[in-house]
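As structure tokens, one chain now follows by itself in the form predicted alone.
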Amino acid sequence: MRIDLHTHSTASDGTDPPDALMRDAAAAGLDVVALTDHDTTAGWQAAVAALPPGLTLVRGAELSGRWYGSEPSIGLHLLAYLFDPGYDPLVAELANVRRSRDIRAENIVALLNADDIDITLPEVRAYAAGGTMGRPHIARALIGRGLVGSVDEAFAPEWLGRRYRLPKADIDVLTAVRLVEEAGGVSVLAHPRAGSRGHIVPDSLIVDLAVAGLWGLEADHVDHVPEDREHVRLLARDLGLRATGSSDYHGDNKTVRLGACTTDPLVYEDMIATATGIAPVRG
């Protein structure tokens, strides 16, 4: 059984619509795929409607979290699975983050324009394809204008990686863990050792998250070297957490393919036995 618990569609910053993503997941030989768009459940309905026979969908989201226990604060991502999408406190937090993403995108475009870099908000919105605007959509607008050659180049320090990078509102990560649990879901800390994406999450913070109700750690990830994967697995074992694996697929925005890393079926069975919000959907 091949299980990929971290993918993105055009509902956030992926390039595949949810229906196409489901077909691609089946073609890639997956048995289970999780749709985990950033701070939104907008792709769930289309993904369920397009499920090919034999493919199981785990509905989820990747929450933008922040830990305020250090200076500067640390941004991190929390994968939430099988939570009740109608749980109002969580719905309100996610809506606030999405609004902040849109405002940030508008402000980044204004900064670029102030430096005579001619991209427009309608262009960025077109790349977002109805989803919340994010930096990857600005990156694609820069590519479309011939200003950079790739998404990776757009995220270099002279572009969106530093010079034109602005903060957004994030959910306090301890609050996020609590809200996911209250909504009947389970939470997994995404790529905790991926230093290329930002801060490596301190083990001390992971201990606090485990106490708060964190369910698992994403160990097998393309941005984790073998030593990182082993470190995360041992930490998960010591804290009584589960270790997952996934591709973090974003379509053409990244080179990683569906199923690049996968989750042990026993861990998946534990997940669906633990969650009480909603159930996986089988095509």
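Sequential numbering from 1, following the sequence displayed. Just so we're clear, the structure is a prediction, and the values are computed from it rather than from any experiment.
The form predicted together with a small molecule exists for this protein as well; it is not shown, and the discussion that follows is about that form.
Only one segment in the set 86-94, 145-153, 121-129, 201-209 has any non-hydrogen atom within 4.5 angstroms of the small molecule in the predicted bound form, and it is 145-153.
For the three marked residues, H38, P136 and K168, a heavy atom of each sits within 4.5 Å of the small molecule in the predicted bound form. The small molecule is not drawn, but in the predicted bound form it has a heavy atom within 4.5 Å of R104.
Mapping the unseen interface onto this chain, D16 falls outside it, with no heavy atom inside 4.5 Å of the small molecule in the predicted bound form. Contact annotation for H250: at least one heavy atom lies within 4.5 Å of the small molecule in the predicted bound form. Put simply, R229 is far from the small molecule in the predicted bound form: not one heavy atom of it is within 4.5 Å.
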